[in-house]
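Next up: a single chain in structure tokens, the form predicted alone.
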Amino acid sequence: MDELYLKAFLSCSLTGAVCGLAGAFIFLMEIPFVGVAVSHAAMAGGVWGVILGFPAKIAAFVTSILMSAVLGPFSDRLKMHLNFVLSVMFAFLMALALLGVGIFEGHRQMMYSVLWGNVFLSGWNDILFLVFLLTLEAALIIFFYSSLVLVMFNREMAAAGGVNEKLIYYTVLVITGAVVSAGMNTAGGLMIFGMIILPAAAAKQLCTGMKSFIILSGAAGLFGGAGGAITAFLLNLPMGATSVLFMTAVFLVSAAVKKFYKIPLNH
């Protein structure tokens, strides 16, 4: 396999895996809108980074991390549900991103890469960063599984049980921001939400247990990313959009399978 295609395949597959695991956390916390809002933060950061002369990747990463880091404390300070805060941030960031696209006449191709992604721009450093994120997510699950489950179930009960729920909750949000920015090459700001939520939605159709759900969500993301990349290679299609469509097909299949079979795992 040509090195360019190998890097694109690995990038798409790993993006699917890290998005799948992040999506499991988001699904359990019932804040699916965080993927949309953070992706638009990364998109706005990338667009305005280009306008101001900064590398789009770095600008998108910094913006998404900053937004993810302030979401939790801001929501807690205002005593508002995170979804309401996300709605406000989404509207603002979408307008900011589109404003940047509208007023900037040069470097249109760079703008399109931010919006739609271009997986062939992924380098080995991007792939290593995805591996790092996947390892970080796995470590969080393995070493803090019990605390993580309590926080996902109920933050107040977790705090009453002596769990540092704010640290875990905020960490999950920051990791989500990192995942979104890392997936910009593959899917762009407009499509990354699908790669986050679809694997978790597919896994939820088949799983009754927490562990099986988290593992299958990551596996569904990996499978969807790899399957989407192969399909895109064979049919000469855009890889990000193809991967999201492939994951949608996985979700539909899992929903159909649910009528006949459910994974009997309760842990």
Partner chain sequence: MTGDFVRAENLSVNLGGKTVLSGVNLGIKHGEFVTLIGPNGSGKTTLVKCLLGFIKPSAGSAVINTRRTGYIPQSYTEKGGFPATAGELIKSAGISAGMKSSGVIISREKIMAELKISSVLNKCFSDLSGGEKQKTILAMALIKKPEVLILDEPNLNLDPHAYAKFLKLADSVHKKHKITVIFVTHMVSAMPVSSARVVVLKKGGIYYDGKAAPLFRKKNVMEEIYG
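Bear in mind that the values here come from a model prediction, so they are computed numbers and not experimental data. Numbering follows the first chain given and starts at 1.
Beyond what is shown, the protein has a form predicted in complex with the partner chain; the following relates to that form.
**Student:** Identify which of L130, A97, L71, M152 has a heavy atom within 4.5 Å of the partner chain in the model of the complex; exactly one of them does.
**Tutor:** None of the other options qualify; the answer is M152.
**Student:** Name the single residue among F223, W48, F213, F233 that comes within 4.5 Å of the partner chain in the model of the complex, judging by heavy atoms.
**Tutor:** Among F223, W48, F213, F233, a heavy atom within 4.5 Å of the partner chain in the model of the complex occurs only for F213.
**Student:** Would A91 show up as a contact with the partner chain in the model of the complex if we use heavy atoms at 4.5 Å?
**Tutor:** No, A91 sits far enough from the partner chain in the model of the complex that none of its heavy atoms falls within 4.5 Å.
**Student:** Contact with the partner chain in the model of the complex for V163, defined as at least one heavy atom pair within 4.5 Å: yes or no?
**Tutor:** Yes - in the model of the complex, heavy atoms of V163 and the partner chain come within 4.5 Å of each other.
**Student:** Indicate whether the partner chain has at least one heavy atom within 4.5 Å of a heavy atom of T135 in the model of the complex.
**Tutor:** Judged by the heavy-atom cut-off of 4.5 Å, T135 is well away from the partner chain in the model of the complex.
**Student:** Answer with yes or no whether A201 is in contact with the partner chain in the model of the complex, where contact means some heavy atom within 4.5 Å.
**Tutor:** It does not: once the partner chain is placed as it appears in the model of the complex, A201 has no heavy atom within 4.5 Å of it.
**Student:** Only one of 122-130, 83-91, 144-152, 177-185 has heavy atoms within 4.5 Å of the partner chain in the model of the complex; I'd like to know which.
**Tutor:** In short, 144-152.
**Student:** Listed by sequence position, which residues of 48-64 have a non-hydrogen atom within 4.5 angstroms of the partner chain in the model of the complex?
**Tutor:** Counting only heavy atoms within 4.5 Å of the partner chain in the model of the complex, no residue of 48-64 makes contact.
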